[in-house]
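The form predicted on its own is given below as one chain in structure tokens.
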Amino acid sequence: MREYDIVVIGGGLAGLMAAAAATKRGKKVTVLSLGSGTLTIGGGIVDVMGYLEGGIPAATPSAGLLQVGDKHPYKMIGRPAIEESIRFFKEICEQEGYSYIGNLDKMQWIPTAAGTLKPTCLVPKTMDTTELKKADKVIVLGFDALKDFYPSLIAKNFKKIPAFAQKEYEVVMIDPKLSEGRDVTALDVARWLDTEDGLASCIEKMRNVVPSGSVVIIPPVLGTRPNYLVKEKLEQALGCTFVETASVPPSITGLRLRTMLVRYLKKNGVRIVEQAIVAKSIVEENNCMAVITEGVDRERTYYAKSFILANGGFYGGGLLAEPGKVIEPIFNLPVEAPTDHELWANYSLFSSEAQPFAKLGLDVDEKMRPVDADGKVILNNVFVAGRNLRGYDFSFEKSGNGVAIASGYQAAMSV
């Protein structure tokens, strides 16, 4: 029987950060990953706390942390651990050559593909808006046949934002000749720029429409690899500054971040099992002995001293909605939820309030161990991170990746 120190269930940001923190402590770690979580969907930026109750923007991520409710994961984790987790995340990024900028004391507002501004905390250098704020004229550059990125809409909507209204905007387009009769995705363009020929061709096309010294808003296409080589080569060749936007899936910035974290974990000896469907657990006297995965060929059993549950909420299958109840399917942990489904949702369109169903999840103690309604620890060696947790609406608050990093780190440090 092969036993690990820690088995992490889930390969999203919470699970990967938990594995990173655990291996830093010298633990022998295996990650059971069904997929990549929301990293490649929601983007590679780290929202910590963007909006408060009532839809009020937080002045800074730090100020937002001070106003969370008693049941919020941040309240259970505590400010010191949150700060430590952010530092640890940035250390990994720096070490891997894909550093992130930002801190808890300043809200960053980054451009989106719809021409709005999104509040966040940490971003890759490709989204640094320092020069964008200074510029008198901004180029918005699009690619022919690229879907879900509309330069004219960005320019139009930016003119409505007070801090950007006085700037001059020019829309330019280049043709990467990638369509072949179909829509082009950001991933297509990013892969094109990964190649020497593609990057050289792009530089020549841009020279015809982008004056030297320009600040250029561009879709997130500056390569798929977790480094800044494409950005640096473009800026050096053209004498411009490029600023990527946040965008709809597929998220290239999220792909880069996941690639970087997986690379870091593998270099540090973490075993990652892909497409692992964790179906059930073996529990004895309030301790989990093993979890069992099921596959086409056979079941596999993974024994460990401790387990970190980070396989997502409703979207990831970590929580399942059934008539009148919500269940956690691996350990059968209790989830408090109204029996009347009508109370699960806020039915107001464009509401300034969070969705009740999004706040459903597992109650934990300060060590991230699951507890019952009386606050008693249910499983001594199981720790919970990410969207399995109760008390927050990550989409409404803009807090998802922040909670993932902080809770994954706290869970690993509590083992």
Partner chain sequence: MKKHHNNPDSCTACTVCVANCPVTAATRKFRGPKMVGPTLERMRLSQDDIEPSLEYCTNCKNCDMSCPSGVPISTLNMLARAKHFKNRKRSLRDWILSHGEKMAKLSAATPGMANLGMKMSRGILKKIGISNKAPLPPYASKSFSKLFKNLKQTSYPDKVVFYPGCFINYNDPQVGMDFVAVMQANKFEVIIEEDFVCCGSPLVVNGFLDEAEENAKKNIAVLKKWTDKGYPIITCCTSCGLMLKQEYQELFHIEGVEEYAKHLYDAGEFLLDLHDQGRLNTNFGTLNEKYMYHAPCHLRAQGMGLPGVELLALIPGLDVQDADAGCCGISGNYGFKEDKYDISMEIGSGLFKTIKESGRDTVVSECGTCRLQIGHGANVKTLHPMTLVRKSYEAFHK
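Positions refer to the first chain, counted from 1. Source: prediction; values computed, not measured.
Keep in mind that the form predicted together with the partner chain is missing from the display, and what follows is about it.
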**Request:** Answer with one of Lys233, Arg271, Lys75, Lys205: the residue that has a non-hydrogen atom within 4.5 Å of the partner chain in the model of the complex.
**Result:** Arg271
**Item:** Among the candidates Val209, Val283, Leu178, Ile101, the residue which, in the model of the complex, approaches the partner chain to within 4.5 Å (heavy atoms)
**Value:** Leu178
**Message:** Using a 4.5 Å heavy atom cut-off, which of 234-242, 88-96, 289-297, 134-142 contacts the partner chain in the model of the complex?
**Reply:** 289-297
**Request:** Please check if Ser36 has a heavy atom lying within 4.5 Å of any heavy atom of the partner chain in the model of the complex.
**Result:** yes
**Prompt:** Any chance Gln166 has a heavy atom within 4.5 Å of the partner chain in the model of the complex?
**Reply:** no
**Item:** Contact flag, Gln275 vs the partner chain in the model of the complex, heavy atom cut 4.5 Å
**Value:** yes
**Asked** Looking in the model of the complex, any heavy atom of Phe331 within 4.5 Å of the partner chain?
**Response** no
**Item:** Stretch 305-331: residues contacting the partner chain in the model of the complex, 4.5 Å heavy atom cut-off
**Value:** Tyr315
